[in-house]
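So this first bit is one chain, no partners, the form predicted alone, shown in structure tokens.
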């Protein structure tokens, strides 16, 4: 879908885009193709798309994959999608496109599914990108690949190494189950309307071997959030709010972590080891 077609369609239907919904539609054909290529799609793939908008990426996904489940919050855009992709929605037995008019985050929380055989490929609404990724990436039921466009600042946090300025809670919660593969910037002019922030597409692949069992995820999240609750403070002092001082000091010594260390200095593997130790019975 070219920019002129996008403008014309919105004008004909008198659709005023809503900034609060993060409605900046990617129209650049080259960038859309790069996103689809990064997902390494084939005819047997099942794809989850969140925020399809007017459907330019949806069109590519339908051509390159076997099945697409799309979630769109704006009812006006759902009507457009229903008309554009009437044929793919038509089959009652096995439609190639399944379209939901819903809030994506609430949908994921309300209807937990096994996404292990799926790929998430989407231009995520920037306002809800982080909570959606945290919700969808946790545990053994997560998609096998995530390829998403989002705000550059969020992309840098997702891909950050230890002790990087962008390293933090989001980094650890997503990288616990996913390994960063690569990313590329997308200029503002590739969107309509052009966003006021820079954008990037990131690719993450689910870890072949989990670093932590599903039942230990809640403890990991609690430890990470507490450790980063005040970035400039020593994490040992922060963790004392939730665990006994003596146990923490013994574990820090065993793992060779300095009692003065701040959270951004600890690697993902060290946070995993800390979680395992703290969950051991006294």
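Bear in mind that the values here come from a model prediction, so they are computed numbers and not experimental data. Numbering follows the first chain given and starts at 1.
The form predicted in complex with a small molecule exists for this protein as well; it is not shown, and the discussion that follows is about that form.
Of the listed positions (136, 71, 97, 146), a single one reaches within 4.5 angstroms of the small molecule by any non-hydrogen atom in the model of the complex, namely 71. Think of it this way: in the model of the complex, the small molecule has a heavy atom of just one of 163, 83, 117, 103 within 4.5 Å, and the residue is 103. Although the partner is absent here, residue 25 sits close enough that one of its heavy atoms falls within 4.5 Å of the small molecule in the model of the complex. The small molecule is not drawn, but in the model of the complex it has a heavy atom within 4.5 Å of residue 125.
Taking the partner from the other structure, the small molecule in the model of the complex has no heavy atom within 4.5 Å of any heavy atom of residue 173. The closest heavy atom approach of residue 155 to the small molecule in the model of the complex falls outside 4.5 Å. Site residues 219, 239 and 264 are none of them in contact with the small molecule in the model of the complex, judged by any heavy atom within 4.5 Å. Only one segment in the set 47 to 55, 210 to 218, 243 to 251, 226 to 234 has residues whose heavy atoms sit within 4.5 Å of the small molecule in the model of the complex; it is 47 to 55.
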